[in-house]
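In the block that follows, a single chain appears as structure tokens, in the form predicted on its own.
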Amino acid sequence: MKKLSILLVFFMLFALTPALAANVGMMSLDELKGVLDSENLIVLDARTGKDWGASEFKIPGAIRANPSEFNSWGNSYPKEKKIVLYCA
């Protein structure tokens, strides 16, 4: 019964993910370049530790956001600011 419950929760999350993601906008590189100096922007680098540490390419001013701490991100940043996540 426990395995069935876990599978049901997993299925529900998997099925709802596209619907939730539909409300998240995408930003082109040129759009990001145009707003990087804005005080109303927070850029979060959400790459895993290994990928982040090995990369020579980082957006200046970006804040390292550990993906394993995703649940705490919502309480960590002002809600009135635009938050941009990148992971590649």
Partner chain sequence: MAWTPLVIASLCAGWMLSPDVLIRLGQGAGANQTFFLLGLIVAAGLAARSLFLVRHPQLRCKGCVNLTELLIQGVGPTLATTLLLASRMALVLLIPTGVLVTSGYAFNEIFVYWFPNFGFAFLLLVMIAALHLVSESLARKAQVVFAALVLISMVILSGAGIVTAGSGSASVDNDFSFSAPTLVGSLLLFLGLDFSQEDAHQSRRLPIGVLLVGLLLFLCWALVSMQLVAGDRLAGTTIPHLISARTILGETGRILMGITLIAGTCGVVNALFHLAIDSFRGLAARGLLPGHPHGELLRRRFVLLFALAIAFLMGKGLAGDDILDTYIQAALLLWLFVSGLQPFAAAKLLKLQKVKHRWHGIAIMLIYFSAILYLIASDPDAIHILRFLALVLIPTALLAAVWSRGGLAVKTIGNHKGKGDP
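Take the two forms, superpose them, and find the largest set of C-alpha atoms that agree within 1.5 Å; that set is the rigid core. Quick caveat: nothing in here was measured; it's all calculated off a predicted structure. Positions refer to the first chain, counted from 1.
The same protein also has a form predicted together with the partner chain, omitted here; what follows describes it.
Student: Does at least one non-hydrogen atom of Asn66 fall within 4.5 angstroms of the partner chain in the predicted bound form?
Tutor: Residue-level check for Asn66: yes, a contact with the partner chain.
Student: Counting only non-hydrogen atoms and a 4.5 angstroms cut-off, does Glu31 reach the partner chain in the predicted bound form?
Tutor: Flag for Glu31 set to no.
Student: Given that the partner chain is not shown alongside this chain, does Gly53 nevertheless sit within 4.5 Å of it in the predicted bound form, heavy atom to heavy atom?
Tutor: Flag for Gly53 set to yes.
Student: Would you say Tyr77 moves between the shown form and the other one, meaning its CA shifts by 2 Å or more once the core is fitted?
Tutor: Comparing the forms between the shown form and the other one, which are aligned on their rigid core, Tyr77 does not shift its C-alpha by 2 Å or more.
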